[in-house]
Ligand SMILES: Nc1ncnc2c1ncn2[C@@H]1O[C@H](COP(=O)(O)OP(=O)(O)OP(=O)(O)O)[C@@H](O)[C@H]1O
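Listed next as structure tokens is one chain, alone, in the form predicted on its own.
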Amino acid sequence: MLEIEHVTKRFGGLLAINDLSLTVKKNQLLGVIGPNGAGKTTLLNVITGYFRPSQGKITFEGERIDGKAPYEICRLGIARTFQVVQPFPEMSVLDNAMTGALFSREGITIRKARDRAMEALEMVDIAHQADVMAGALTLGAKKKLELARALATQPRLLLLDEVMAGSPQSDIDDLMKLLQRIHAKGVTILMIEHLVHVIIALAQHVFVLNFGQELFQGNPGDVISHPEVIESYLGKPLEALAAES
């Protein structure tokens, strides 16, 4: 579905993404992990057109998308959430979700946008708060609204940037069940997450990013037991730390 081929992104002298290749298959739930500064959010920004790659190419369902504007990429069927949720606080929950629907297609009617928005709110379990001002929501509800706004665009590929960040365990459990439901409805998901246990529980395939490059990829069990992955998070493998003590 999504093919990233030899993509590099430079910011002056900083090499944020370095010759990275990654494939996302249709109906896959793919997790991307890596330590802080690994280039995870930059990767999403490159895919969605907020940054243009310095080198390489990106194709979605066979169409090249690097160089397209974010709204053009959204209209092709790719939606994303942001790590820091930013709803329109003085608009209702329903109107916030409608913005996703209205900007996802040309010529969509207000009635159709409202229907899509309500469907998205129902999917994330906040339809009962449709008339509440978004600024009055709890953090957990705002995260669900961020998801609903993305889902209202009717994406085939959903990109998630640390949707669990800052959430208590009860909200994390709720969001995990929600993502499983969304995936079960046929939405392909590429999920960036710092909480490794969430990725291990949800993802079918895990890609480990470190210093803008692929460190390792494989099934969750192989990834979590790989010595270089452990070292990237803990500094050194536990065995090496024990040998030095």
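Numbers follow the displayed sequence, beginning with 1. Keep in mind that what you see is a predicted model, and the values were worked out from it rather than measured.
Just so you know, the form predicted in complex with the ligand exists too; it's not on screen, but the next bit is about it.
Considering the ligand in the model of the complex, the lone stretch of 199-207, 32-40, 56-64, 214-222 in range is 32-40 [heavy atom distance within 4.5 Å].
When the ligand is considered in the model of the complex, residue 20 lies well away from it, no heavy atom lying within 4.5 Å. Interface residue remark: residue 154 is not counted as part of the site for the ligand in the model of the complex, having no heavy atom within 4.5 Å. Among residues of the shown chain, residue 95 is not one whose heavy atoms approach the ligand to within 4.5 Å in the model of the complex. By the criterion of a heavy atom within 4.5 Å, residue 16 is counted among the residues contacting the ligand in the model of the complex.
Highlighted residues 82, 146 and 185: none comes within 4.5 Å of the ligand in the model of the complex, counting any heavy atom.
Contacts to the ligand in the model of the complex (heavy atom within 4.5 Å) from stretch 44-59: 51 only.
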